[in-house]
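Next come structure tokens for two forms of one protein chain, structure 1 first, structure 2 second.
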Structure 1
């Protein structure tokens, strides 16, 4: 006869089982398999598997294209984080006022709408907006008397265009998080600043921004991790081109594993990505702790 405590524990494991079994089967075990795969060479025809040690990592680390995709991805992240969090913060500050209810509703609708819609779908729209000859954006550029811009077919500009799409799509998410943080700033602090005669700008700089600094840091980390995985829009719009100028790390992984059939090097590049993400998270946790102590 099981005791009450044992019965509770048995019931608990029963409740956990479905989620946990799926978690192990489709996330934890594949993750471990990816670790093993990165030191193996798999022949897709004969399905023979050889242990090759660090050879896969040696291969990708000496492949200039791999470093190119990392450089591309970091270029993307730098601009996308600045755009998403910077613009998101400005818009959140502007929205953090006594705006009339219906207007606030409309703004929230407009800015949040793209967040909900997949990059895969809106990429088709942007592909045509950015088109060189027939695109709307170049139509207005010409109207201003300027030469048309090769948004997607100029090597120096294509990644910037991908960033514009990313910011348009994601800025609403950051607006909502930052707005919630701004509205959580204690009224007593703001009241005290007002009595001391602080201007709106001083209040913002000295009270609101420091108060929400941890949330800003969260947004930066979140945008960085998302940026490291950029794939959908690039795959659809430029497929990595022109040249290799928009090829991202995940695209490298994808083409190694599923186009070239090199599953081992694909796994090695994905694993490198995970390590970079873990480092980013660790740095963020460290910074967050320091901010909290201050």
Structure 2
């Protein structure tokens, strides 16, 4: 007969089993499959499989389009992180004051509502807004006497337009997190600063920002990882164009695996992206530990 401790262990395993099964199905097995595919060449027509070693990695590392997509992705990350976290922090600071309850809830809802809307729907709407001939934005640009802007057709502007859409869609998420962190700053610290005669700006700079620094770092990490995985909005709006000006790393991976049928190079690019994400997370976790020790 099982002892009480053994029955508790069995019950705990039963509760944890669904999580382990989901982990195996959606994380562990795909990762192992990608590891195998990255060193194989699979012919989808004849279903022949050949071991090619590091050839797939050699292929993507010597492909200029691969590095072009990395440059595009990091350009997107730089602007998207600055927009989402920077603008989110500014708006959270503006909302962190004694506003009437209904007004505060209205602002929170207004900023958070785009987060709840489907990304596909948002992309289609912005595609119309950014239209060169029929778009509302270019309508007002013409009213100002300026030439219309190729928001999605100009190689120098298209990625910036994608960033605008991403920030509009996601900034509310970061506002909610940062506002919660600001409202969690101990009242005793704020009261002590007020008694010492500190201005609102000094209180923000010397107390609030340092106190919520780990939360800001979390937002930066989260936004960076999301930026490295950007795919849906670009696929719907520009499909990587014009040229390759908005093609991201994930789009390159998708194109290699499903359009070109090169599963091996697609898996190799996916693993490369995974390593980059792991390095970024490790660096930012290290920074987080240093902030926590202060």
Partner chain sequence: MTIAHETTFSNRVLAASQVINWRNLPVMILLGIGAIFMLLPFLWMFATSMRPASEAYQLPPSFLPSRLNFDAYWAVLDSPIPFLRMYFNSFVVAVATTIGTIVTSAMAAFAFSRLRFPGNSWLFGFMLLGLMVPPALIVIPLFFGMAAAGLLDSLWSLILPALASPLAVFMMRQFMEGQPREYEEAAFVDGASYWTIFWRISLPQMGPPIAALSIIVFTSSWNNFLLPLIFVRKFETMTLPVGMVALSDNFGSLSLAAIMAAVTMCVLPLLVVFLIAQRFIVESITSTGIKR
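In this text, all values refer to a predicted model and were calculated from it rather than measured experimentally. Positions refer to the first chain, counted from 1. Basically, rigid core = biggest C-alpha set you can superpose within 1.5 Å across the two forms.
Each of the two structures shows the same chain on its own, and it is structure 2 that derives from the form predicted on its own.
After superposing the rigid core, the Cα of residue 12 is displaced by 2 Å or more between structure 1 and structure 2.
Once both forms are fitted on their core, the CA shift for residue 282 between structure 1 and structure 2 remains under 2 Å. The two forms, fitted on their core, place the C-alpha of residue 22 3.5 Å apart, compared between structure 1 and structure 2.
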